[in-house]
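The chain below stands alone and is given as structure tokens, in the form predicted alone.
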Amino acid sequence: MAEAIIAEHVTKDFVLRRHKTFKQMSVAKMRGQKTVDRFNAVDDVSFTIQQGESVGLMGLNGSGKSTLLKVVSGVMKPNKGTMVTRGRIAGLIATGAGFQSQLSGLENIYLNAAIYGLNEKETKKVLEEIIDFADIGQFIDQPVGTYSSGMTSRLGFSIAVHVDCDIFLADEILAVGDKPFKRKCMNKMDEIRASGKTMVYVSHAAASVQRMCDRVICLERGRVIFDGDVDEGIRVLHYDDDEDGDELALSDAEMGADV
């Protein structure tokens, strides 16, 4: 089986500036004080994902999940190390990413499809399916800037899942939306998984990761602390002993997603 994603010693760091103005920076430099800090959002991460594998990416907030997914997608480049992917990548890594607020929903479908690499003919072929799945009615002809967060999420997810891709990336895609739409999304992702596409799925919802993934990679402060069995990874992160108890676990298991 061929490798779909290969990460080798990937590091992505960011600069935190301690001062807001040039004057403050100048004074700090004259006093010999630090003016910037650097931190590694992703720190020396290595893994290989095989073609057709479904992998959950888990960790507490700030662990580097979203940054790592953006490096996989090519939105960000690593400062060190290499990230190699095979085939077309699609997915939703941020609600409304790539949308132009002044353009209508319909115009944004064509725009986002082009970003994914679809030509006009390919987009027209799936246009009605995208519109039907998003189910936002007459608002498809209105500017996206007038949409609610739920409508934006619907349209973004609908475009992503109708792209013919080799690798599908999903970052907390079900955090916004009502229960019927979340169910529809999970059913669609079941189809994507069954089709043999490679999937990387970020979620805090243990039950949805158990449903969608064959394996889990756990991050802590930008570093991989576990790579292997899904249930064991959930235990490593203590997601299986949530103090809110059985009520949340039941809700999560029922929906297969964040509620």
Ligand SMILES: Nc1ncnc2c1ncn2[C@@H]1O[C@H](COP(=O)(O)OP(=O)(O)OP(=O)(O)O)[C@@H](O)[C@H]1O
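Everything numeric in this text was worked out from a predicted model, so none of it was measured. One-based numbering along the sequence shown.
What comes next is about the form predicted in complex with the named molecule, which does not appear here.
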Assert contact_stretch over 208-216, 63-71, 229-237, 187-195 against the named molecule in the predicted bound form, heavy atom within 4.5 Å, equals 63-71
Residue-level question: is Phe39 within 4.5 Å of the named molecule in the predicted bound form, judged on heavy atoms? yes
Do any residues of 187-209 have a non-hydrogen atom within 4.5 angstroms of the named molecule in the predicted bound form? If so, which ones, in sequence order? His204
